[in-house]
Structures are given as C-alpha cells and as structure tokens.
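Form predicted alone, single chain, as structure tokens, below.
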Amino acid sequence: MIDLRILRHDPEKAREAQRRRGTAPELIDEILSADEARRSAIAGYERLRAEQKTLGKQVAQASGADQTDNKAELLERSKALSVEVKRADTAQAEAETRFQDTMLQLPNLASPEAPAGGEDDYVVLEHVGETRDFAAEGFQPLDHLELGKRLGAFDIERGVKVSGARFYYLTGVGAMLELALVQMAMERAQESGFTPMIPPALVKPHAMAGTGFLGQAASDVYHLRDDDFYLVGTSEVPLAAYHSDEILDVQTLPRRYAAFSPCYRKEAGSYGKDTRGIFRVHWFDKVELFTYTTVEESYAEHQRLLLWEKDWLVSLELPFRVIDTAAGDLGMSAVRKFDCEAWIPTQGKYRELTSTSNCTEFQARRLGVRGRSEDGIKPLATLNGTACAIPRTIVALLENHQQADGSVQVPKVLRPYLQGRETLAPIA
C-alpha cells in the first residue's frame, strides 16, 4: 500500500513509477478519482448524520399542544432523513470499497535507480568468480539431471508418477545435500544476527494479500478453497505477517529472521521452460532472510542482505553475477531488487539463485506493522532475501563442481555438514 499523500501531492511521481514498470499510469488517476468520490461520500454521510442528530434534539424539545403540528413535521422529516442516512451510509461503504480495490492494484513505486523496462532490461553490476573451461580440462560436462542419476541424488520419474510434472524425490546424497545446505545456511544466518524460525506454510488470505502475492502473482499461488488457506510460495509471507497489527519500538530494530520452509508455486506462464531436472519445480525448500527496519535504514540493509547472499555463493565456490532487476520485473511489493545468478555450465548462461528486495512501507502498511519513536508512530520497512533455494543450489553445485569421472567435489565449507566427505561418487 502506498502513502496516499504521495499520490495526492505528487501524482506525477507515481505515474512515472508506473511507466518505468511498463504498467498503466492511468491507474493513478483512477485512484485519485476514487479517493475524491470516497471523501465526497463520507462528507455527505456526515452532513446527514449531523442533521439527523440536530433533528432528534428538536423532536425531543417539541412538546405541548402548541407544538403538536411542529412535532409532526419534525417526525416526518426525521423519517425521511433516516432513509437518506441509510442510503448515504451505503454509498459511503461502496465508495470505500471501490477506493480500496483500486488502491490494492497499485504496486510499490519503483525506485528511480531501478532500470526501466521488463525482464530482459536488467543491468549487470558485477561478475564474481571464474567459469570453468571444461574443454581445456578434457571432458564434456554433464547436466545436473544426468549427474543426479549417476549419484543417486534424485528421482524425477517417481516424482512425476506420484505427484505429476515438476515434482521429484531427493534421494541419498541429494537428501543429505539439502540437509547440509539448510543447516549451514541457518547457522550462518544466526551468526549474522538473524533469529532462526520455522514458520507455517499455510496462511490466511490477509497474509498473502498483505505481502502483495494476490495481485499480479495470484495465478502462481495455490489456494485451498474449502478452508480458505494459501500455500506459501516463500516464507517471506508468514515472516511479513509475523508482526502484523503490531507497534514495535524502533529501538529494537532491525529485527532479522531466517526461516526454513517448503515453498509451493504453480509456475504459471512457464509452460515449456526448464522442464528437464529440478531447476523449476512446483515444490521446493528454501531458507529465507527477512528484516524489519525503518524506511531510512532500509537502503543500507538492502546492501547488507546482498552482501550476505554474495558471501554465501562465494563460500560455495560458485561463479555468479549480480544484476539490478528492471522495474517491470520487480514484483508488486519491491522498489528495487538485486539477483545473484549462478553460472550453469550445460546451459551456458547465468540463472537466478538468490534475490533480495526492499519493499519499503508497502507490505507494512497493508499488514499494519508500525514503529514507535520520538517522532511518533509510522509504518516500518520490510526487506527479504534468499539465503538458499535448495534445488537450484544443488543444480549449480553439481554442474560446477563435477569431475571427469562423474564424481562431484564438495566445497570445503560444506564438508563438515556432510560428515567430512570431499567428493560425491557415482553409485553406478
């Protein structure tokens, strides 16, 4: 939710943010029109209610034979006014609903620093690490699916048999890799000041709507209609709603949380994309980072989240690049987003492994998360970042650390979490 004062006093700023996203700037004018209609309806209702109260006092004061006709007139007017008040109340409620529905369509105002455009208009900020020259090493790299089969790390066929396309089983060293990555990610997050959490993966509508996932991303969300629950696509959702309708002392900020949870996504619109292996799936596990802080501090916190993500990928010895995501690819809640994309050898390109977003006040306003300081009470800022998305990290590890004999070297930092194993060897 956007601060309405911005739209009233600087509507062109909001229109320009819409243009940067490639969305309709006319939405700002629709919101302002709905706001004007709402305020007019409220004023009309309050005027009639004031008249009704005054009339009620006049009726009470009208007594005696000489007031009989006057009282009858007052009662008749009171009866008609009661009907008008009810109509005005209905009109007020309808105007408020229209305003809220229109306002909820508006995404956060993209930062002027975010590149304008869509998915392909990102800006590469840096490259970290060197990609391997497998030809110089004398062998052709295998993709993660073939490596996984040889290592006994996952079973796609039975995942499809049991649950359908884009499902899988992690087996043997694949399952152990997940547990190792989760433990390592949670430990590193705790060392950096994040409180470890395991949140619910089912949430009520207000939590999903409050984080902005029932807008443009609604088609990607699983909804259990009989119980009116949503399966989360990221633990950002329950973490953002954790302090909903609360007022936090700003002296306790930042509040940082690291959550492990399963994630569920329909992958709407991805038909035919990444159908091989476990890169793009309907269910996966992830460790997510989340911060509550002030808006003023959110920009520095965003850089810290990015630094933690970069350090994570460096520790896993993965070559990657950092991109500044274009405004049209930000999602509804973010003003700016950075992605870290790891090199996937057999695809010959960089693919997203982590991302971090600054959502400023957008989610906090929707969820009622506020901070109290000497300056009063106002909405806080929320930020999120990926500590480790398990399947994609496994894909990158297998492909980048594979050896000519089909084995995979384990990065040094991960070995203590795998009983000291230095390599993963094929089982057949």
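Remember, it's a predicted structure, so these values are computed and weren't measured experimentally. Residue numbers here begin at 1 and follow the sequence given.
There is another form of this protein, the form predicted in complex with the RNA, and it is not shown here; the text below is about that form.
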Interface stretch in the predicted complex with the RNA - options 103 to 111, 77 to 85, 315 to 323, 340 to 348, non-hydrogen atom within 4.5 Å
77 to 85
For residue 377, is any heavy atom within 4.5 Å of the RNA in the predicted complex, or not?
yes
Residue 421: touches the RNA in the predicted complex, heavy atom cutoff 4.5 angstroms:
no
Using a 4.5 Å heavy atom cut-off, state whether residue 29 contacts the RNA in the predicted complex.
no
Give a yes/no on whether residue 72 approaches the RNA to within 4.5 Å in the predicted complex, heavy atoms considered.
no
Using a 4.5 Å heavy atom cut-off, which residue among 373, 52, 403, 33 comes into contact with the RNA in the predicted complex?
52
Kindly confirm or deny that 10, 13 and 95 each have some heavy atom within 4.5 angstroms of the RNA in the predicted complex.
no
Heavy atoms within 4.5 Å of the RNA in the predicted complex is the criterion; list the residues of 32 to 46 that meet it.
38, 39, 42, 45, 46
